[in-house]
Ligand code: G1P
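One chain is shown next in structure tokens, namely the form predicted on its own.
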């Protein structure tokens, strides 16, 4: 059973400047709720017990958000506001499940994952990217069901515009297992539109086998001088590790750009 999740949060959020010049993008409110809480709720609803946040010293504000006990105790004592009590209890509930590790140099998602090696206990773990919200249906929960059936790694999939494939990791499909799941034969990090094998993109939900750390340890820097998780996954596929792509039912919201962030708030407000 998948009981651990990791969430990389060390990125600088430059696409959301100036909002992120002094504030972590993951704490920006989306319809009145910090974006990271949507990700936490998805994890908890999927049965995750242990959540590892990967932050940097520049993103310490995220840890402070969950460890601001004195502030809450003081203001609750003065105000006696039931809403504040409820919010504080929610934060305490999250805090019990969260550990923090640090990635102080922006060396990519693969390097961020490697930082969690000593904390991962089980054979498989879940990874969620906070820029990618999936609402209306719990994608992580559905992927865990697929993992239990096939006993392998699973990654979320979405068809994207062929002109925008360079934003994503893109799959090659070797076999359709059913209408929503397929066997992956390859994955390429940010190909140009001419070289992309399809327009099936990796969306920020992964169930990964613990042996990925072995590949990441020796992983060379790829595009942009970063260590990409996609490159390590590609090597694993070439070494006969089974990966399944899952076409999820939920609505995808891209919170990593200014227009996407604004649209996400509008979409959630209409639920």
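Keep in mind that this is a model prediction, so the values were computed, not measured. Positions refer to the first chain, counted from 1.
There is another form of the same protein, the form predicted together with ligand G1P; it is not shown, and what comes next is about it.
Q | Within 4.5 Å of ligand G1P in the predicted complex, all of 15, 203 and 206 (non-hydrogen atom) | A | Spot residues vs ligand G1P: full contact, yes.
Q) ligand G1P isn't shown here, but in the predicted complex which of 196, 129, 144, 184 has a heavy atom within 4.5 Å of it? A) Exactly one listed residue reaches within 4.5 Å, namely 129.
Q. With ligand G1P left out of view, which of 167, 121, 77, 95 would have a heavy atom within 4.5 Å of it in the predicted complex?
A. Result of the distance check: 167.
Q. Any idea which of 80 to 88, 136 to 144, 167 to 175, 98 to 106 reaches within 4.5 Å of ligand G1P in the predicted complex, heavy atoms considered?
A. In the other structure, the partner sits against 167 to 175.
Q. Taking heavy atoms only, is residue 189 within 4.5 angstroms of ligand G1P in the predicted complex?
A. Yes.
(Q) Can you list, in sequence order, the residues from 36 to 69 that come within 4.5 Å of ligand G1P in the predicted complex, counting heavy atoms only? (A) Not one residue comes within 4.5 Å of the partner.
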